[in-house]
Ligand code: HEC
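This document starts with one chain, in the form predicted on its own, laid out as structure tokens.
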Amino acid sequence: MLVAASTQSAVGWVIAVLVGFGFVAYIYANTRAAKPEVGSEIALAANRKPLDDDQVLETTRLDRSLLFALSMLGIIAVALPLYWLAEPARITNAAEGFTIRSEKRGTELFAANCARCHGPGGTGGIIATSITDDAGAFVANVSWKAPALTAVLSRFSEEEVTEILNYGRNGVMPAWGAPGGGPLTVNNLRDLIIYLRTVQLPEASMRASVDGGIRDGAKGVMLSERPTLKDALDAANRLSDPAAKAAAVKAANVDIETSLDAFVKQISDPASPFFASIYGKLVFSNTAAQGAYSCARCHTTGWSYNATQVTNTAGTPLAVKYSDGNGWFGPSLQGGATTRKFNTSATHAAFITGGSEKGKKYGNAGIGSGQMPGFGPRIDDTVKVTYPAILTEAEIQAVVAYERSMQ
């Protein structure tokens, strides 16, 4: 500020001095005695036009000059305030126009490069790929769950998303940015980020998606524990009379949904003995949006490509069942890893809420990579937006309880 002020002061003094010298020179030039012109004409030369006399100079020409000056003054008096009034809107419109054009370019880039994996509009998709063992040998062709990106800015900052685009993620998503050897420029990635802002779900829609995934998982658990509900639905579907079948199926589904409401309410109660073992597990392994809201897609081997449904070259299933939290792209959470990393459930929950920040310490001697997303609300100061939390405080507490119970 001091440098700027002194610079402005210096410029002002230079201008003042120049104006002062100019004024003195003007006065001098117009007040000094005129020297007789050498060789001055006694008679006006034939090629010179005579000047107007004083009567014309002091009336017609003077009036015309004054009118012109008054017109210019009026234009300045009106135009300058209008310019001042319009300038903020011009700047805003220019910024909005830039954003609109950038969003359009980002839409085209996403459709050409990202939609084949992440689905149109970033709603999630499945991509065929191959997996190998630690030695690089082929294991199997799998269908990989590419997560929805409709809540990615709740989980990661724009800088972290740019980092992922630049260098790829988990060995499956390739590097797209030039720093990582990809085909897209810095401006391309910026256009993609601006496009992603437009596809983020509002809080109500995201909550419906998260809750729907938990509810679907809870339904499977409940029906396995209460087979009579499923048996009644199967019996209704076997009826031959269309009217009777429709009525019976409807009644069976109503019973299932009513029982499911009570079941979810029971297991989601923090005082319930099933809060960690069932509810925490369901939140941890939420299948909605191709796993975008879950922990399992990073911390459980094989979860992202349905390992229990895939066989290797010998015809053997890649996994009989999932071992939650045994580690993959994210570290293993088993064997008391989380209790060693976090002394209390509160610090554990805070980490899940905010995620990791690159180079920043967390827990007991942990150093963040920026790859662990945050599942709580995120404030973006750049665009002045608060992105909603993916998980509620109760859901995060359930995950914490489940992870701290892993053996």
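What you are looking at is a predicted structure, and each value in this text was computed from that prediction instead of being measured. From 1 onward, residues are counted along the sequence shown.
There is another form of this protein, the form predicted in complex with the ligand, and it is not shown here; the text below is about that form.
The closest heavy atom approach of V210 to the ligand in the model of the complex falls outside 4.5 Å.
Taking the partner from the other structure, the ligand in the model of the complex has no heavy atom within 4.5 Å of any heavy atom of R190. When the ligand is considered in the model of the complex, A350 lies well away from it, no heavy atom lying within 4.5 Å. Within 4.5 Å of some heavy atom of the ligand in the model of the complex lies at least one heavy atom of S294. The contact residue chosen from K281, R155, K219, R105 relative to the ligand in the model of the complex is R155, the criterion being a non-hydrogen atom within 4.5 angstroms. Residue I127 is the only one of I127, A319, A178, V249 with a heavy atom lying within 4.5 Å of the ligand in the model of the complex. The candidate stretches are 377 to 385, 64 to 72, 351 to 359, 50 to 58, and the one lying within 4.5 Å of the ligand in the model of the complex by heavy atoms is 351 to 359. Residues of 164 to 192 that come within 4.5 Å of the ligand in the model of the complex, judged by any heavy atom, are I164, L165, R169, N170, V172, M173, P174, W176, L184, L192 in sequence order.
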